[in-house]
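In the structure tokens that follow, a single protein chain appears in two forms: structure 1, then structure 2.
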Structure 1
């Protein structure tokens, strides 16, 4: 194993970064630096707190400094679509950029190419961690922000049969319903919880931020939907490892998983885009767990 730590940084070290606001909690540096070390790359991954109004400037700066690439997290993923020189098909399809690769064109100019690795990560993690067959599944999705929208579209593209959308701000689920119906007309999109308690669901997903803070209530209104109506519950939140929702779901004997797998797979795909090599998944997963849970 090569030596780790700042001693190894030298004139040839190349940089990747995640831009977010806030970003100090990010586990991505731990995950990617472990992977760079495993592949003996003289690369480092750092986290930069970048305000939304400085995003364009910060992308230009990274390009000028010959960075390898960037990840973008809240609140940058939508605006970045307008700020790259080229969009990969993944970013076009999902309408958001969470990964940028800086590439040199034939004239030697550097271009920023935008990708989306979040959408694939959602279905990968659901299949891997819950062993869910998405084709034909009935899903109840809580949240219609950036993550909720991507999840809804991705699930629709996987041919789920029904999606019920729940969100604090109703206008967002109306808009999302329209978008899904336009792009995936065969998928039934319900607004709010299923009206009958006889309706059985295969999967409940939390894509709201409720559960991040210990005092948060569960995002699921159990007066309107009983956990007995579902087989599995996925919470995109991975810190804490077990939210109130997941605790209740376990008690109700549902299969459960948190969002660590999503974080892992979006990072692994970004790694592959930057390096052109398979991501060392086990190393990345272990680094994430150690960083987030201390074990």
Structure 2
């Protein structure tokens, strides 16, 4: 079989894709195509810009075209829960779908199975990149969309002591608060920023899309919360590699990390779901660093 890095796409080439809106910033194609080449698979991974209202149609189209699977990014992870044929336990537990595998059932029909690989990825990245001890930690989480909701539930499962939820739409954090309190009653869930400037937070996480564009404001309202109140800041955005939030956090002498580690680990798990083979983690990490940092 020809090497995927140099051979032209042919009739035997299998396709995986990431759907998002926007999606031009995605480094997932670089990561996965490097992994496919390493394993000598005649597969390709592409990025497709898909509007939210066309997501169901796009998933059906990928199924019809015999795609291997999909990744989903902003803003598709929550809505996709209702669009797949079956949910893996990971998607049921964390309530969002970021990975889809197309597989044939006993009758030969193709079904879309939804997985969540984000939850494990965020906890791995926080431990590796920031050396954060999640047990007993106090967290300020910005964003309650698909990635934010998954992160909140995962952090609660790791026995953080307090989570403060901030989101543009208040009803979302109210709903998420109720879910966390029901599943993890020992975790205190605050709505909005801590009310006292004396409150110290171990970790601030940005799970919003604010920071993808140069003109975006910071997702953190520093009139309500000072970065001097925290010791670490994690931004799920990885391109640009240093967002306005991370620049401000460095200036405030916080430990910082972007979302490269989370992208790596969620992608590696998706790769294993699709291929049934161990992910070449070192190859995938190197491809991401080259794509994002140019080295």
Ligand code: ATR
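Residue numbers count along the first chain shown, from 1. Predicted model only: the values in this text are computed from it and were never measured.
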- [ ] Decide which single structure shows the form predicted on its own, answering 1 or 2.
- [x] 2
Task: Selected hinge residue, from 143, 100, 163, 263, for two rigid parts turning between structures 1 and 2 - done: 263
Open item on the list: Please report, in whole degrees, the rotation of the smaller rigid segment with respect to the larger one between structures 1 and 2.
Closed with: 15
